[in-house]
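First, one chain by itself: the form predicted alone, in structure tokens.
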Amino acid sequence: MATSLSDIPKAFLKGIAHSRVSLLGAMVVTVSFPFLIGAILYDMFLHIPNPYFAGFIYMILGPSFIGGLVLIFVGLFFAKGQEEVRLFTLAYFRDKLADQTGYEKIRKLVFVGVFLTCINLFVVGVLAYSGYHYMESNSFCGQVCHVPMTPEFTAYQNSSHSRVHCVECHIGSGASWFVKSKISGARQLYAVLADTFSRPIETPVRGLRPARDTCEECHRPEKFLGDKLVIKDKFLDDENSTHVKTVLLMKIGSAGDRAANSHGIHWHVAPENRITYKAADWERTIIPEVALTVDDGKEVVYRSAEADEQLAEAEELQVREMDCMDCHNRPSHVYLPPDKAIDAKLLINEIPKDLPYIKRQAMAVATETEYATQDEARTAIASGLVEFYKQNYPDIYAGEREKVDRAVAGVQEAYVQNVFPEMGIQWNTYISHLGHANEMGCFRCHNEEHEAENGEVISMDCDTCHTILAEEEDDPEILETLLGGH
């Protein structure tokens, strides 16, 4: 049966009309295409700030467009529409190729087919590229799953790593961990939809990529040399909220490289030292056994007196090689304890330092009650501080109300940046192992209770890691010497 090139679109449309599957696909493609192209172009040049709208584009509208194309194909060639697309069959091409005059028509047909295919491939390619970058964005990681991720995203935004993209630490480079992260993300999405996620989020995170593949892309322990001056600010709970300082000379040391030998804090991750340990709990707070292997292959095992009992009773025994995360366990998602959170606001004057007893009262209204929601906490903090100054310092309340209002706002901010009752996060829910302020951290191993067979113990000598130059002093003399009257 002779056919012309103009018959091809007619047959194509008839095939779609005669197949309900293709018709459904065509409707989806027709409706989604203009919105999809417009949204993608807008996002490429101007950026879509709303993570939920971007999620609708890349996670719903985009897959719907691709699904529509698939339905059209399936309906045309495998459902009732197949009779109407006989022009695309092998018989049609055999008939045209047998006639030399048919080559021109075949060429035009191939051109039309290739052109339409290229358009679809371009749209799908742009969609895949933009969708990939959207799913790697901070807004996708931190804002789409609003309830469980609000605390983590808030803490991340207030951390020193807030300009490092989430995926650089949680995924890193390479396809394998990208695939693993998306599989894990699918499970997390189901947990959010089914409301089965843990409150608070359990840490350490299971399946997190080793720190040496992520952290050490920027931080190189073997290049840490010398000592570092650290000044810790604190405000007392007296009437003047006295500002005191602790000055430490931290022995950052070196993990080897050009140093004569590794020493100081980063000795733990020196190339010539391999430290492994057994933790009797998932949080890695109970460490009954530590093993040190040095360059010559010699291994020394240090065990606590309760090691056998703790290892036998362990429900989630872990054997780990020590890396950055064993001390820096909260490098980005930092939740401050209440005293440090209030001190930080006092230091930058978001809470006025010259209000009488402001540190004591701020701590009282922020910590004495375990509030059920952040809104409840905001209300209680405001009423508590206002009532205190109204009753005890009426002149200040009347003449310097602005300071009281600033204090209220500062304490509220300190609270909502660190406490999320809806997620089961109260003050000190998450503990940092950096240092030993919470009586954990270093003291998990450095407690002089871990002993080797030769009688050697893991030291808890303070001078191993730092030298205390001043401790909670008002205007330490050492700072005047070092910083010239700072």
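Worth saying up front: this structure is predicted, and the values here are computed from it rather than measured. Residues carry their position along the shown sequence, with the first being 1.
We do not show the form predicted in complex with heme C, though everything after this point is about it.
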- Of the listed stretches (356-364, 201-209, 304-312, 380-388), which one has a non-hydrogen atom within 4.5 Å of heme C in the model of the complex? 201-209
- Message: Can you work out whether Glu477 and heme C are in contact in the model of the complex, taking contact to mean some heavy atom pair no more than 4.5 Å apart?
- Response: no
- Query: How about Glu453: is it within 4.5 Å of heme C in the model of the complex, going by heavy atoms?
  - Reply: no
- Message: Can you tell me whether Pro221 touches heme C? I mean in the model of the complex, with a 4.5 angstroms heavy atom cut-off.
- Response: yes
- Message: Test of understanding: in the model of the complex, would Ala39 fall inside 4.5 Å of heme C by heavy atoms?
- Response: no
- Task: Establish, in the model of the complex, whether Ser32, Phe77 and Val124 all lie within 4.5 Å of heme C, using non-hydrogen atoms for the distance.
- Result: no
- Using heavy atoms only and a 4.5 Å cut-off, determine which of Tyr277, Tyr393, Phe197, Tyr371 is in contact with heme C in the model of the complex. Tyr277
- Heavy atom within 4.5 Å of heme C in the model of the complex: which of Val70, Met44, Met460, Met27? Met460
- Query: What residues, if any, in 322-337 have a non-hydrogen atom within 4.5 angstroms of heme C in the model of the complex?
  - Reply: Met322, Asp323, Cys324, Met325, Cys327, His328, Asn329, Arg330, Pro331, Ser332, His333, Tyr335
